[in-house]
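Encoded as structure tokens, the following chain is the form predicted on its own, with no partner shown.
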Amino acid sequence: MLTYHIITIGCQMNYADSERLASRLEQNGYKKTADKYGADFLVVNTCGVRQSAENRIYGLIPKIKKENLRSKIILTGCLAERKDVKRRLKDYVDIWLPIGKIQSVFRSINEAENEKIKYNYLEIKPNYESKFSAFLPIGNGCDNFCSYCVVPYARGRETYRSAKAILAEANDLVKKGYKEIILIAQNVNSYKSGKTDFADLLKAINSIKGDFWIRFLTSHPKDMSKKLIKTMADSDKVCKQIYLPVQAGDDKILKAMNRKYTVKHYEQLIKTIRQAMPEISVTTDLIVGFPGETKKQFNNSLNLFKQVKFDMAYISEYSARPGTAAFKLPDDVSRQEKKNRKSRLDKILRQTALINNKKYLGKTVRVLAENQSKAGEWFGKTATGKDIRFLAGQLDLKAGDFVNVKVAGVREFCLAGVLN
């Protein structure tokens, strides 16, 4: 029996795609192996959003090919159609597979010309990695064309699954005992299927009978409606956690990024969200060192962090991505300056995250148990997305169980507690 191994680099959407790709391979007789150097077929699911993610494959793929000459290497994901990547890896990659065509991977490998493709790849039933938490893709692609981002070019324009298909998958997950359903797309809150928008979809999934949580990511501030905020607040299964990338704290930089909102609009959104859901935790993304970003403009991002008081932020240094509008701009902020700016934002983030976490001290929170260390300590997550560690004592606990934990200690990005 031929074997396969999948290496996934990048975001949650890539992991969900890999689960569907694994299912497609196993439907046609391939067996998964943990040995990436010994697999007959090695699939590398790539991310091109950051240069650091791209750089990983340039060392990884040649090394694996050198160790296993008979292995066929398949490259999919964001970099599958980049001409410069193809030139650089032409001697190592056997099959270049655009992400939207992963349903045809079996035909590509075996040249089975008579195989008919009858469905979109998102309708492939996945091999979920977890037994209690599942990514549920609701769509693919992006129409926003942020000037720094490759996604619209790598994945194409926005396409969304029907509400019927999404609800069917969600119902199936609940029946199988899943405790966490994470709705994902490049821009979840622009979802539209007939007359159903994202708020309607959330409400429909929330109405499914069962004890489970609903999370979603990633949202775009320009599409964060009052209807969606109210639906979140009114839905008992929707976790009070929002991932709302701001990307910059200066209006001129936001305009250059083609983000289509202002800092004032973003701040008002956060205010509205917190008024509707005081307990909510807020995560964001921000890029430092975008072309032309002055020290004054960066200071506006610092002020935004102080004002909003994020629970978590993914701060990245700008890296020019081929094919994007910003690629034509001079990358005029030095690498060291980018590092300094990132460090200054990180310092504020740690301060605000710790202040936010201190509000949990002495409170009992519901936790989804995720895994246990060899020393016996359990790790899990709260409904607000806070990582928490705790001891289960004599309780016969397993991954995927909900438990109540009293918070006894806090750090910037983690809580600690005891079973209550």
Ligand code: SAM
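All residue numbers refer to positions in the sequence shown, first residue = 1. Remember, it's a predicted structure, so these values are computed and weren't measured experimentally.
Beyond the structure shown, there is the form predicted in complex with the ligand, which is absent from this document and is the topic of what follows.
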Heavy atom of each of 50, 259 and 318 within 4.5 Å of the ligand in the predicted bound form: yes
Contact test in the predicted bound form: residue 245 vs the ligand, heavy atoms, 4.5 Å: yes
Interface membership of residue 148, the ligand in the predicted bound form, 4.5 Å heavy atom rule: yes
4.5 angstroms heavy atom contact with the ligand in the predicted bound form for residue 287: yes
The ligand contact at residue 237 in the predicted bound form, heavy atom, 4.5 Å: no
Position in contact with the ligand when the complex is considered in the predicted bound form, options 103, 196, 186, 231, heavy atoms within 4.5 Å: 186
Partner-contacting position among 220, 203, 179, 342 - heavy atom within 4.5 Å of the ligand in the predicted bound form: 220
Segment assignment from 81-89, 208-216, 294-302, 310-318: heavy atom within 4.5 Å of the ligand in the predicted bound form: 310-318
